[in-house]
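This document starts with one chain, in the form predicted alone, laid out as structure tokens.
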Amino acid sequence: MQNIDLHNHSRVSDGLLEPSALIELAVSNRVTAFALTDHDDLEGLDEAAQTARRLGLEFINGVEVSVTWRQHTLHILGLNIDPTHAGLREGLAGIREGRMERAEKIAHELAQAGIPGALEGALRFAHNPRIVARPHFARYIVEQGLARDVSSVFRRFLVKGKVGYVQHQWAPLQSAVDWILAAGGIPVLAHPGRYTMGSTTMNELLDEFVRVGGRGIEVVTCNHTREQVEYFADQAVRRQLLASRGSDYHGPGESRLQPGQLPPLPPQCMPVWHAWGNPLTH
């Protein structure tokens, strides 16, 4: 039986484990094919691929691209990409340039709320200084004893409407999809159940995603309820989108499920890995 997990993060972005350790965990959980999809960065793929080859795990090159659509922050997975593609690499570099600017603004807002030193603290938790993300701030705030865990930090400080939230302009949806397609990959809308929008807006998003070249949707992921799985499975069938399955794993103590512990895709879905045949190590 295949156990395919196509959404995971290492320390190259905002995960807690090195790429090689993430592969070892996947193997221990009997994952049969695995994608590393760090935010806006490709630098962990070589290490992960080498470890996967050594341990006999099928490995899929991936990335998670940050996108702004109508003031909503979205994430688009690029699966089975060519990580050497110049256009993709240039696009991701442009996104990363804005990350430090956003981090400085978050730190300023947190300082105004009585949490000083947040940028320096976040950078201590960021293995890759090019990717300073909200989880790094959250880990610093937990360290300071101001919250019980990362999830509670997000709820109290870092989501829309809270003191540490900063609106940021990421890549346009069309650009992200174009970069992924040009690199030979499959653009997949990540964890659609997480986006705070009504059903009308979600339908408009899915319409536009298909129109600009999107090809897949993440149906099974760690934070989708059973009802959301069924809803997005239906959307995938209706819109002829490929269905993906990914744990969105970030690390021990911060993720509800480990790689490979998700339920299967609903049977009516066409799995995204069918787009490239049997998963292959690249």
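Bear in mind the structure is a predicted one, so any value in this text is a computation, not a measurement. All residue numbers refer to positions in the sequence shown, first residue = 1.
There is another form of the same protein, the form predicted together with a small molecule; it is not shown, and what comes next is about it.
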Problem set entry | Contact residue in the predicted complex, from His108, Arg130, Arg102, Arg89 (heavy atom within 4.5 Å of the small molecule) | Arg102
Problem set entry | Within 4.5 Å of the small molecule in the predicted complex, all of His39, Phe154 and His250 (non-hydrogen atom) | yes
Exercise. Where does the small molecule sit in the predicted complex: which of 119 to 127, 134 to 142, 178 to 186, 199 to 207, heavy atoms within 4.5 Å?
Worked result: 134 to 142
Problem set entry | Contact flag, His75 vs the small molecule in the predicted complex, heavy atom cut 4.5 Å | yes
